[in-house]
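We begin with a single chain expressed as structure tokens, specifically the form predicted on its own.
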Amino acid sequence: MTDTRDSPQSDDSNGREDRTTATDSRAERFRSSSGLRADGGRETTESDRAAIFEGSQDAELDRGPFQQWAANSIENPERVYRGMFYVAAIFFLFTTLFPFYWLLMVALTPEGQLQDIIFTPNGFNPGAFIEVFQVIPFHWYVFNSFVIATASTILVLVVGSLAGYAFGRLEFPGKTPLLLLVLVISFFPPAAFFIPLNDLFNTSFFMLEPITGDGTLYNTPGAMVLPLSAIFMPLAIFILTTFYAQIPDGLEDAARVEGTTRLGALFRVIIPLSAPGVATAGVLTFIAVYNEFFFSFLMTDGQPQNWAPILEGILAYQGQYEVMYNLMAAASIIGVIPVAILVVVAQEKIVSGLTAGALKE
């Protein structure tokens, strides 16, 4: 009897399972034909992908130029950085090198044809670079500026190194206010010092008569070296103080244990280790003094034998009735050559000095 009762139930369960299987099979075929997923969602077909792609293209076409550029910049930032670099480089080259290019065009153009210059010289006259030395002794003006700049640079580095050592490595009362006072003095305009210095340098001192003849500093290198060194001294002190303060105390102590003095440790240990800072201060001072005109113009009579600077020589091509612009341009290019050579030779030290001096280790 047990077998009789269980048999219909098993048949019914088997039938239900068959019907469920058939229903699932039909549902799966329907989903596959309609693109529906088992969870109720819809699978992405090729037609759907094509529609999405066309929609994205239409969205990109609807963007304005600025919006499209912004979207591309976000996707590829390296491209933006590269473009910014090229823009900055082109701007720098144009604003920096174009004046020299124009000077070259003026120098190569024969006299009397300067009004027709556009971007190329109106003619070709390279002899102007030789004529500048024939009209006036221009080489003496260059020599005067070179000597004055060199003497000022040496004085600034020697005194600035001593002051930088004191401010950077020693502790004494009033150190910070004194350093601030030195920096504040550098903010005064140079014209403010001219009247007292002019009176001082035109005063006759009997102790200077064996050297200068009339006992005054007028028309002497000292009339330019002393004020120019004082003007550019604060900048050198600040740069050297920053570098000297970074040298470990142990190196100086080791040198002093070996028997050297503080000055010996300064010139044998600290200055060699601070070579980028010393080079930076020296090059900046040399360039500034070499290009200086205000004090040089007022402290000399403009004659090459009286230590007139290079700018006096360039202005010497300007006569009462004519101005030889081509010779002035050629002289300007010749005068830039020493500074350009100095910068090219010392550029690595200058860059490392300007960057390393800003770091405190």
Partner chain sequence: MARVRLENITKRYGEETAVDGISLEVEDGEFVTFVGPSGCGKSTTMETVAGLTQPSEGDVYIGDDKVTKLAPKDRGVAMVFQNIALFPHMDVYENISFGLRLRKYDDEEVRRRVEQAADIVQLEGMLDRMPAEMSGGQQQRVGIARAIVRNPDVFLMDEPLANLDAKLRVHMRTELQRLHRELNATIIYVTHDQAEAMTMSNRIAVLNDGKLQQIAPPLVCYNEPTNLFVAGFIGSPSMNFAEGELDENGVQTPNFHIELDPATVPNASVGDAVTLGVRPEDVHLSAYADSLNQPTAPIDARSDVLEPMGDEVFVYLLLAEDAERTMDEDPASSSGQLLMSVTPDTDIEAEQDVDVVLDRSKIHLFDTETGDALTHDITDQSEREPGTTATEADS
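Note that the structure is predicted; figures quoted are calculated from it, not measured. Numbering follows the first chain given and starts at 1.
This next part talks about the form predicted in complex with the partner chain, which is not shown.
Chemist: Tell me, yes or no, whether residue 216 is in contact with the partner chain in the predicted bound form, where a contact means a heavy atom of each within 4.5 Å.
Modeler: Judged by the heavy-atom cut-off of 4.5 Å, residue 216 is well away from the partner chain in the predicted bound form.
Chemist: Taking any heavy atom pair closer than or equal to 4.5 Å as contact, tell me whether residue 204 reaches the partner chain in the predicted bound form.
Modeler: No, residue 204 is distant from the partner.
Chemist: According to a 4.5 angstroms non-hydrogen atom cut-off, is residue 177 in contact with the partner chain in the predicted bound form?
Modeler: The answer is no: residue 177 has no heavy atom within 4.5 Å of the partner chain.
Chemist: Check whether residue 269 has any heavy atom within 4.5 Å of a heavy atom of the partner chain in the predicted bound form, and answer yes or no.
Modeler: Residue 269 belongs to the contact set for the partner chain.
Chemist: For the three residues 251, 257 and 273, verify that every one has a non-hydrogen atom within 4.5 Å of the partner chain in the predicted bound form; reply yes or no.
Modeler: The answer is yes; 251, 257 and 273 each reach the partner chain.
Chemist: Heavy atoms, 4.5 Å, the partner chain in the predicted bound form: which of 260-268, 218-226, 77-85, 140-148 makes the cut? Say which one.
Modeler: Of the stretches listed, the one contacting the partner is 260-268.
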